[in-house]
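To begin, one chain is listed below as structure tokens, in the form predicted on its own.
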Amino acid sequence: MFRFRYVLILVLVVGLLPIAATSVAQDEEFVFGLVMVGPHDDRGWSQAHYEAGLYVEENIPGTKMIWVESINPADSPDRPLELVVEDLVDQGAKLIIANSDEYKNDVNAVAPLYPDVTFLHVSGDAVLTGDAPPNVTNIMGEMEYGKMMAGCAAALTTQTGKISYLGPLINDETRRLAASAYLGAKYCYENYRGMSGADLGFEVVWIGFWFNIPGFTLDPTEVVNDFFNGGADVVISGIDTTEAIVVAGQRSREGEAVWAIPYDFQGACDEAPEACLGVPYFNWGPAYVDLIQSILDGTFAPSWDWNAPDWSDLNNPDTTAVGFVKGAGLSEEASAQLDEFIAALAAGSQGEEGGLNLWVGPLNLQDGTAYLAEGEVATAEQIWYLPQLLEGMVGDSVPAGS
């Protein structure tokens, strides 16, 4: 009898072990590492990711973010991603978030060294192309819509008919975002202002990196001043930092009728509210929460996610991937017209009758080559891998020497 009771107790204990182990695993702290290309407080791209990490900590109990900033060839030439990842993993990171296209090749090379760690490469496409290791996944927001809104706001406001675009470096991502801004500007210039799109000036200047690196890039402050001195009165920023809105604010306070549209970070208009027409921004928090929850649940699978705005509530912090906050510099009339434009984009994105899709032919590339035939709708890949700027845009489509 005693022997049977002992065996029964042993069976019950052994049977409970998996449950207890699972409970312990779920109760353990989940550490994730964030690798940022710029400073965590840049009021732009990197700060948006940093605040998304804080959002994760607030929304998933037991999570902890550890982070490293300014990992780029200028600020940290002796710290390759491999060493950064090694340090974060040594601190317990089970997820590494690499937040820049700058890390594209390094992520795919380093990830196989840590098969038990998940890697998120933000803005990457290795899963799409089939080149990703099994522990790498990709996320990007459909900022093309945000840039269309920015272009529309610029076209509704310009008094000179000249809009300038402050670009970082030239690649697929930056081409399609600049082109999206142009498409939005041209549409709104024609359909709300009643002007000819052929008369709209849209110049793009690339500084050479995601933000200013003295001695390596063009100085974005000088470029923005050159834009305004050359007759542009609205500058749309595509770089990670706030030079465009800072310069616009300085000149606006001196009495000039100039405006800017910053990028990446929801609070960027705070730099110069009176000169800000609005800001298209990324909201990474919900996607990060979903990813980490899938890892904790054991349901993670690599994917290429190009996340859309929440069209039902564009600036909902818990649901949208891309938002647009209007600036104080946007007139009441322009604000109402922008709302109409956004509603049309929303309908078009969901295939509703009468909706607006600006990636429809006829569209030509900058050199006159046909890109989309009459009525042809661009595929996701055609937009993602846009090979040139579009006809009507002024500026380089490929890096010098390519």
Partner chain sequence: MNEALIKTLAEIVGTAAPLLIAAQGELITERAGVVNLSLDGSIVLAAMAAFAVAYETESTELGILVAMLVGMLIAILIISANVTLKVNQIALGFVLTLLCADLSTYLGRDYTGLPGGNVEIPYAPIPLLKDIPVIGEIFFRQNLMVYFSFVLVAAVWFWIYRTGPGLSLRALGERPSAAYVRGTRVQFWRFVYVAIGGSLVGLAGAAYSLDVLLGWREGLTVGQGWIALAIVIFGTWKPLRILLGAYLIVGLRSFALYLQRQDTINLPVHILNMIPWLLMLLTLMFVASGVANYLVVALPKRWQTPARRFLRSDPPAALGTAFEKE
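As the structure is a prediction and not an experimental result, all values here were calculated from the model. Residue numbers count along the first chain shown, from 1.
Another form, the form predicted together with its partner chain, is not on view; read the next lines as being about it.
Only one segment in the set 308 to 316, 280 to 288, 210 to 218, 131 to 139 has any non-hydrogen atom within 4.5 angstroms of its partner chain in the predicted complex, and it is 210 to 218. Residue contact check for residue 126: none of its heavy atoms lie within 4.5 Å of its partner chain in the predicted complex. Contact check for residue 339: no non-hydrogen atom falls within 4.5 Å of its partner chain in the predicted complex. Contact check for residue 297: every heavy atom lies farther than 4.5 Å from its partner chain in the predicted complex.
In the predicted complex, its partner chain stays beyond 4.5 Å of every heavy atom belonging to residue 190. Among the residues 199, 332, 116, 254, the one placing a heavy atom within 4.5 Å of its partner chain in the predicted complex is 254.
Shown here without its partner, the chain carries 203, 222 and 250, all of which come within 4.5 Å of its partner chain in the predicted complex through at least one heavy atom.
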